[in-house]
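Next up: just one chain, as structure tokens, the form predicted on its own.
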């Protein structure tokens, strides 16, 4: 029996997960599963956080929904979303974390009409590499790759991801915090820095 492989695609809001996952699915001829959609369809949203303007996910419920979905599938798939660390590690081929320089990410989040608080929260998450660290913790450093979508076209991002999926090169890491600190601009993005 063939083992199904999963490419996980994660990242901070505004890094391009949904658009990149859709294009990557077409390129690789793989179905794309959105964890946000799966959470809604599986009734795994336990509350709404008004202060953060976001849904609160029942993680146990979502894990069950993921496991149930994976039991039904046989073909290789792409799973995108904020909760990729909940996907069973044994089925994961590679993890791709989309990264975006804070200057570019701020513009993208403002264009989405995010509140100042939500913009700042997501910028800090990107600067501290929260999605990267969660993925490394869940899947091990050697399976987690990062793609900088700051200035890439969609096609360039897809090309870079496809190359990464077949590469034996070690993962590249982006460290916005050190970069901003060297430029003397970290305090522009992180309160208390």
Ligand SMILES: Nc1ncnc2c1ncn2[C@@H]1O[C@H](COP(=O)(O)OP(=O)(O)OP(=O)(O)O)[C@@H](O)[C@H]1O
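Residue numbers count along the first chain shown, from 1. Quick caveat: nothing in here was measured; it's all calculated off a predicted structure.
One more form of this protein should be noted, the form predicted together with this ligand, which is absent from this view; the next part is about it.
S.K.: Taking any heavy atom pair closer than or equal to 4.5 Å as contact, tell me whether residue 164 reaches this ligand in the model of the complex.
M.R.: Because no heavy atom of residue 164 falls inside 4.5 Å of this ligand in the model of the complex, the answer is no.
S.K.: How about residue 18: is it within 4.5 Å of this ligand in the model of the complex, going by heavy atoms?
M.R.: Close contact exists here: in the model of the complex, residue 18 approaches this ligand to within 4.5 Å, heavy atoms only.
S.K.: I'd like to know if residue 25 sits close to this ligand in the model of the complex, meaning any non-hydrogen atom pair within 4.5 angstroms.
M.R.: Looking in the model of the complex, residue contacts with this ligand do not include residue 25, since no heavy atom lies within 4.5 Å.
S.K.: Find out whether any non-hydrogen atom of residue 114 is located within 4.5 angstroms of this ligand in the model of the complex, and reply yes or no.
M.R.: Yes, residue 114 lies within 4.5 Å of this ligand in the model of the complex.
S.K.: Going by this ligand in the model of the complex, which residues of 151-188 come within 4.5 Å of it through any heavy atom?
M.R.: Read in sequence order, the residues that approach this ligand (within 4.5 Å, in the model of the complex) are 152, 153, 154, 157.
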